[in-house]
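Consider the single chain below, provided in structure tokens and representing the form predicted on its own.
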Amino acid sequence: MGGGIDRVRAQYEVYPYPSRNPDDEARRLVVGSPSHLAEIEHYCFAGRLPRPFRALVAGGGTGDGLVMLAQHLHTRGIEAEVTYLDLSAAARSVAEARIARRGLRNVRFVTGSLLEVARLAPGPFHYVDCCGVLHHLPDPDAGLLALVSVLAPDGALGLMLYGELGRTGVYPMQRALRLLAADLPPAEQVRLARRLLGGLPESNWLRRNPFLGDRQSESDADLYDLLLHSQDRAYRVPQILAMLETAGLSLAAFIEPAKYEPATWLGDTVILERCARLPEADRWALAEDVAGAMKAHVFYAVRRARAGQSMARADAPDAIPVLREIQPAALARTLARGGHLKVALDGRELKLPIPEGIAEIVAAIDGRRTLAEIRRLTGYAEADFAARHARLRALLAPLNLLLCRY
């Protein structure tokens, strides 16, 4: 390992990231993607999670993905071991405290670089989480290959890489702050960065980027990670696909799938007809270019031999539909009113037409009933139920809101 890794380690010892207070575990669980258990089952294992389940959280930081996954597994009563790996002792201490606050016993902790994962945590693992880490390595491809080396043959990865277009303005400011503050201690670098942010001209691209929010209000750790990081790069869709190809992997799904379809962002029928003729990868890239606001790419990947086989079949009678972080009764009431479903996606509010006759199905989803049981409960004839369920999937599945397991 070279000086780049040492600089990154030094940063996270001073500013563990993201900034978290373990006492907050008593009142809320931070949820997100990747590594939401319902997503892992649906996108990576065709609805059937391997058991006992072995997972690795590589570059786990202060523990958001770790805590969420460990808690989900515990709540479901799934026998599992989740291994945390990070090079920062300070970040590890926060993650350990958060796990301890929850009384979880399904986690083990390892300190070190993910580049040494084969020695530190040899696996094999059914699932590997690496959220927001590879883009901070001197050689991200080498980091991904290291993770693949401990992945089980039928395993999967959940990854997040920065998106180039949505971070417009970040990298010029990083360059400016390297010129102005590289010789200062971390705390003074942050103070100088805040002074610079407070005096930017209106023409500055970071100031003009509405998708990055108010930078001045961020914690010191968040601000340092954004503008003062010693090693940082961003990706676009073709680069991500090339990276996966090099590692012998195939994309299972982008999250949320709707973001990567041109029809989400465009309405012109002539344009959309031409988009429909494009290969899938080209549509994803086009959607990114048109949307222009993707700050990060969250996605799941599997070995190339499992390409097209990892996603759950959502229409089988024994499939168990799962609403992701939505209360069925509340959603059913919204859908019963008809009109449009309002959804925020990458800073833009979408208004999606609500199909008729789907509210009753949603009201019956409890994460335990199969589709066959829901059909009997709602009283619909088989063909009628299949049509209504298909309309429901068409509305919610692209938004990552309707998943399934077995």
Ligand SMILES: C[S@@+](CC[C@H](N)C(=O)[O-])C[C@H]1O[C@@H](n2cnc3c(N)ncnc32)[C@H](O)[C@@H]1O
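Residues carry their position along the shown sequence, with the first being 1. Here the structure is a predicted model, which means the values were calculated and not measured.
Separately, the form predicted in complex with the named molecule exists; it is not shown, and the next lines address it.
- Note that among 202-210, 188-196, 269-277, 112-120, the stretch whose heavy atoms approach the named molecule to within 4.5 Å in the predicted complex is 112-120.
- Although the partner is absent here, Ser88 sits close enough that one of its heavy atoms falls within 4.5 Å of the named molecule in the predicted complex.
- None of the heavy atoms of Glu41 is located within 4.5 Å of the named molecule in the predicted complex.
- By the criterion of a heavy atom within 4.5 Å, Val133 is counted among the residues contacting the named molecule in the predicted complex.
- In the predicted complex, none of the heavy atoms of Leu401 sits within 4.5 Å of a heavy atom of the named molecule.
- With the partner omitted from this view, the residue of Glu164, Glu218, Glu261, Asp225 that lies near the named molecule in the predicted complex is Asp225 [heavy atom within 4.5 Å].
- For the stretch 17-43, the set of residues having any non-hydrogen atom within 4.5 angstroms of the named molecule in the predicted complex comprises Tyr17, Pro18, in sequence order.
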